[in-house]
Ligand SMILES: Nc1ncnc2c1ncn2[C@@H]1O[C@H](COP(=O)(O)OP(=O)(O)OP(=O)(O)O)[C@@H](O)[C@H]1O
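The chain below stands alone, shown as structure tokens; this is the form predicted alone.
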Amino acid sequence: MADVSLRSVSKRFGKVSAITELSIDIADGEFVVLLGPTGAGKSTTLRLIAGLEKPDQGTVFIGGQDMTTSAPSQRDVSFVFQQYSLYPHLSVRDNLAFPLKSPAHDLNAVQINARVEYVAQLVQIDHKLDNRSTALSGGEMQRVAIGRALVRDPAIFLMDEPLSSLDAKLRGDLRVELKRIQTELGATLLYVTHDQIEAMTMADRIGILNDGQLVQLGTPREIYENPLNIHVAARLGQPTINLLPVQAIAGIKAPDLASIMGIRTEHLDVMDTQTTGTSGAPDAIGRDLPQSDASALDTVAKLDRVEFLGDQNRLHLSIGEHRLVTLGDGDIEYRVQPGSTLHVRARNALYFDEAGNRV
């Protein structure tokens, strides 16, 4: 495996700037996820590392060597695309073996077969080795595509939203499998996605891209708990962070420059004004929320609707013209109905200035 470094890399397509002064270091054996919306520059970054695009400026290092002008075949990288890109007329075995038949590998038939068998077991597709690729399910085809990248044992793996075309359950299963494989191999892996769940569950570090610029790089916890601006704060968290004017919730002592407050769903206490607990205070209806003194809950919200999610519910609230979302326990719809009046209180709020930067 190898480390990867980009130094002040920029790339334009006509008048469009896809990447601007991008610098990032990926350590040997690290799993880094680039997260951002469509057009953020994620795929372009992968293509620059792979050599499929040439930077207008800047330097690409792989394994400590300057590879900026090197051909893709000289970079020792494997690329997994969003679409499976398998050879439909070949079996699974032959699809996996195809990269190893290049003269550059100098392997005999026994060595190739051993490598194919090992990788097929790793991606759990060994029971389908003699099937045509067209006879596979979507998840099986993606396993073959990932296996075809693994079989070469490259210096770095590049993956461009490889799970996005799969259904939700299969995406969840393959997330676990892909992280397991990367851990077992100690592989250096750069993964691109717009799915925050993929980023949070798989990455050692997450890089947030926006308009071709790296906004923040850190562990999932660092990104979630200490976002540098509103864009980063909104990329992680489900439901997304609530953004309100600082004066919307009573009792908030905001920093002088703050004009916007961000409240994660787990930091929004919601209390029912119609029922009381043993202390005489309103009942908490959020997940595992502590009972609180009613005098501290001066902000009144209206419950607009409840989304039933099984073990929990998503509560849609309004404070005047402002909308916010939080989570309640699984039987909340039996205790409060749309139109109910609730008390809310914010804890551990994040504060941002008018430009959206953290204060």
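Because the structure is predicted, anything quoted here is derived from the model rather than measured. Numbering starts at 1 and runs along the sequence shown.
Although not depicted, the form predicted together with the named molecule is the subject of the following passage.
Checking R171, H194, R205, R152 against the named molecule in the predicted bound form, a heavy atom within 4.5 Å turns up for just one residue: H194. A heavy atom within 4.5 Å of the named molecule in the predicted bound form is found for one listed residue only; from N113, Q82, S91, Q213, this is Q82. The stretch that touches the named molecule in the predicted bound form, counting heavy atoms within 4.5 Å, is 36-44, out of 36-44, 301-309, 54-62, 320-328. Residue contact check for L342: none of its heavy atoms lie within 4.5 Å of the named molecule in the predicted bound form. Put simply, V336 is far from the named molecule in the predicted bound form: not one heavy atom of it is within 4.5 Å. By the criterion of a heavy atom within 4.5 Å, A18 is counted among the residues contacting the named molecule in the predicted bound form. Residue contact with the named molecule in the predicted bound form: E161 places a heavy atom within 4.5 Å of it.
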